[in-house]
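Listed next as structure tokens is one chain, alone, in the form predicted on its own.
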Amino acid sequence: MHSNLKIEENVSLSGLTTFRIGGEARYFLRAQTEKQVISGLEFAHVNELEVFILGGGSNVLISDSGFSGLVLQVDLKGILFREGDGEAINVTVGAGEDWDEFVGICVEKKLAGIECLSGIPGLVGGTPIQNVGAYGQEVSETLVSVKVFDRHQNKTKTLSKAECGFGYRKSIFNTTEKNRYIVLEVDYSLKKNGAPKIVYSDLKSKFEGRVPSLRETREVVCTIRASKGMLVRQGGLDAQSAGSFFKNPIVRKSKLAELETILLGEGVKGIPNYFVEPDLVKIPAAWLIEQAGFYKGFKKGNAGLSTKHTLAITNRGNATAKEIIDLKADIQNEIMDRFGIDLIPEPNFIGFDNF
């Protein structure tokens, strides 16, 4: 134990992840202030340790051997509401705040802009990293800026929305500048008494042309997430996952036409798809997984697919990280063999030699 910083040694990580899988961290620090974040990084530098930044543990698979460096959990709290221009309310939120609880607070205050992102596990600090999105809404729509610690320049700075380089499930934080920045707090701009965003088909059909309240929208989104086994804090084996394990692949229209020709000969009537650009379409990964022969509740050892949604790989009870990886590889190989599409995983893989 290192008294100044409360750095713990040999801490089990499995209970800090939604997968409930993973070995021990050689060193562990729960940082509750920006100063503790910086001091933790200094400790790692002096001791020549790798650093892994842990948030809510909802988008990560940790290896069975654990992590030999310092696991730094950012636990910065605080929510500050400020009047903005016109109907805008600006909100500054600490990276360690629970995301769904924050969404709930905003909905109760009748602030629109993140209501469709209800029920998502994890902390606020994780939302800009993969540009969290669901049911037709993404955090980049309301995000204004991100306060970060820059590990290259060894200082705190604020990045504008434009500097974050947002795209579908991506940002500079998980692509070009991966591991460079530690998110400390996030600024959002929400709309006072704004209408909910109802563009997702399930929401449109539910509300049949009328404009629901933000609270109604949140409740329906949470109900849908629960039906797919992807609601935060719902418990059970289906919840022992990292949510959607694969990104929905984006392909050219020519690739879609090629696949449709092949599948038409096999009696498949059509491939569900959504335009993202004039020549690019998104195909639901869950649909591809099911076409490749995997089904809800599929099991391989102690790993399996959710009984509610084929996009979630789950720990069916005492699964090892290796079992999750093996099932992931089986699914990817089948999709590649059958469709020539490379399914890209969403979670971060920590403590593995080959990721």
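The first residue of the shown sequence is 1; numbering continues from there. Computed from a predicted model, the values in this text were never measured in an experiment.
If you look for the form predicted in complex with a small molecule, you will not find it shown, but the lines that follow are about it.
The closest heavy atom approach of residue 249 to the small molecule in the predicted bound form falls outside 4.5 Å.
The closest heavy atom approach of residue 59 to the small molecule in the predicted bound form falls within 4.5 Å.
Contact check for residue 120: a heavy atom falls within 4.5 Å of the small molecule in the predicted bound form. The closest heavy atom approach of residue 127 to the small molecule in the predicted bound form falls within 4.5 Å. Residues placing heavy atoms within 4.5 Å of the small molecule in the predicted bound form fall in a single listed stretch, namely 182 to 190, out of 182 to 190, 256 to 264, 78 to 86, 205 to 213.
When you look in the predicted bound form, the only residue of 242, 111, 103, 71 with a non-hydrogen atom within 4.5 Å of the small molecule is 242. Screening 143, 281, 132, 107 for any heavy atom within 4.5 Å of the small molecule in the predicted bound form leaves a single hit, 132.
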